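Next up: a single chain in structure tokens, the form predicted on its own.
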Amino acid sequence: MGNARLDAIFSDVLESLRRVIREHRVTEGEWRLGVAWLTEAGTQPNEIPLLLDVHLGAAVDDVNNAVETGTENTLEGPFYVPGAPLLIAPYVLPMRPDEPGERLLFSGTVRASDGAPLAGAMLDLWQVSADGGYSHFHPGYPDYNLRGRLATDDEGRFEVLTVVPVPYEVPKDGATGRLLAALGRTAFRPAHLHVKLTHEGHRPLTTQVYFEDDPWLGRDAVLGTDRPSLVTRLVRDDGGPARCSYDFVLEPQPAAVPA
């Protein structure tokens, strides 16, 4: 006996594609070009996962992590590494002695949806470096460079020193990049900080924090549109590190549904 859910999803996907073919009167030449493009993508390492993550990953994440009162969820992305070092206050993300880039003091609070501060909430942070690479994925970076875990204080506050991340392009040398170029879309992601948040009794949160005035906001190769609730402002006014702040809200963990 077949899988009924799989059959329903697959049938809907096929019917949606047939509708597109009919409505746009796809030509035989266009069809063959599309087949050749998919064949090319299938022969390139990691190209199909990249293609699906860029164009559909955010939709899957939105369906599975919708919130009502908490901070908006976004994709974990391909660059997360578990087991980042647990930091000791005052918090500084691990970095090279000559780490390039402008220093950034990232601060904020973690609260429950009723406004109560969440002491001991765990933030797992990771980010791109100022020279455009992620440790563990790009050569030349020490393990866990610009990655770390830290806990909020008794009032749910945190503060950590890092560097200002930079925008970067998703891989564009393969089929995905060719499609983005043909569509006239950018391969850039706006600068962002990745955060995973956990606290007992609350739903885990995976999200990204962006910055005002980033030229790629609204043209994100992955999310496509702005996430205004996740945008903060970089402040540079005293000759010290740049500063930004963000206040996170965690929703309560839903009660378990009896089997």
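All values reported here derive from a predicted model rather than from experimental measurement. So that there is no doubt, residue numbering starts at 1 and follows the sequence shown.
Omitted from view is the form predicted in complex with a small molecule, to which the following refers.
Novice: Val164, Phe188 and Val231 - do all three of these have some heavy atom no more than 4.5 Å from the small molecule in the predicted bound form?
Specialist: Zero of three within 4.5 Å in the predicted bound form.
Novice: If contact means a heavy atom within 4.5 Å, which one of 40 to 48, 60 to 68, 26 to 34, 191 to 199 is the stretch that engages the small molecule in the predicted bound form?
Specialist: The contacting stretch is 191 to 199.
Novice: Considering Val160, Val170, Ala112, Ala130, which brings a non-hydrogen atom within 4.5 Å of the small molecule in the predicted bound form?
Specialist: None of the other options qualify; the answer is Val170.
Novice: Going by a heavy atom distance of 4.5 Å, is Phe79 a contact of the small molecule in the predicted bound form?
Specialist: Yes, Phe79 sits close enough to the small molecule in the predicted bound form that at least one of its heavy atoms falls within 4.5 Å.
Novice: Is Leu217 close enough to touch the small molecule in the predicted bound form, meaning at least one heavy atom pair within 4.5 Å?
Specialist: Taking the distances in the predicted bound form, the answer for Leu217 is no, it never comes within 4.5 Å of the small molecule.
Novice: Although the partner isn't part of this model, could you tell me whether Met122 comes within 4.5 Å of the small molecule in the predicted bound form, counting any heavy atom of the residue?
Specialist: Met122: no contact with the small molecule in the predicted bound form.
Novice: Although the small molecule is absent from this view, report whether Gln208 comes within 4.5 Å of it in the predicted bound form, heavy atoms only.
Specialist: Within the cut-off, so yes.
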